[in-house]
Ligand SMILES: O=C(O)CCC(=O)C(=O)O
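Presented as structure tokens, the chain that follows is alone, the form predicted on its own.
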């Protein structure tokens, strides 16, 4: 690839300069970008100038569009015909914008669905000073860094992530569910706690620390202690990439092998991005 490529020092995240994603992209270049995504999990493109059509066309070279099912709500599913979701604060010109300025806890997108998305892209339109960064955690390394005893314990466990959009918006935070007290609403789809990446074959700790969840068939006390242990492990993980946004940045990430986080920021600060999401498969 005849461009400047700058990997992050700890193995997650790579930045590519001097590439125009609005121009025709060769098959060789698309394959190279996919290889970089598989290796680094987060790919950053600088100084892009993309129409909505160009943004969507680039995204869907790497897989089909993620199409929300109104029976299982997700962020932006009110306008399911449009593949572009506005992630914005002070985004008054858009009829539907989401997430505002509040903290967004570490998560992978759509983990509560039968087929969670495989990847997403965020394109920065208007980022003002002192807005929030986005942080991605490498969940392959999160699995690799576990001790052998914990790996053995979690190998055959399935987890359930409960759909947060059945609760009032912003009311859900990381919680291990005691099914004897409260079972969150909505259909559920168990997924392996240790997931295999379909392209790289790597094992992934497939766990968010943002929503209500539990482990199938595991007693509450045991499951809650295990969740707390894994939660602490993730929070202290050094394998992460923190992106400070500038206008024209496009960040493309693997949603299978990462979770991402955004701290809160001042509600008066404008921060507007466009998100496009690529469909995925049932985890295994």
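Residue numbers count along the first chain shown, from 1. As the structure is a prediction and not an experimental result, all values here were calculated from the model.
The same protein also has a form predicted in complex with the named molecule, omitted here; what follows describes it.
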Note: the named molecule not shown here; in the predicted complex, the stretch from 177-185, 199-207, 147-155, 102-110 having heavy atoms within 4.5 Å of it is 102-110
Full three-residue contact with the named molecule in the predicted complex, heavy atom 4.5 Å, for 114, 118 and 256:
no
Just checking whether residue 159 would be counted as a contact of the named molecule in the predicted complex - the rule being heavy atoms within 4.5 angstroms.
no
Contact test in the predicted complex: residue 87 vs the named molecule, heavy atoms, 4.5 Å
yes
Partner contact for residue 134 in the predicted complex: the named molecule, 4.5 angstroms, heavy atom
yes
Is there a heavy atom of residue 124 lying 4.5 Å or less from a heavy atom of the named molecule in the predicted complex?
no
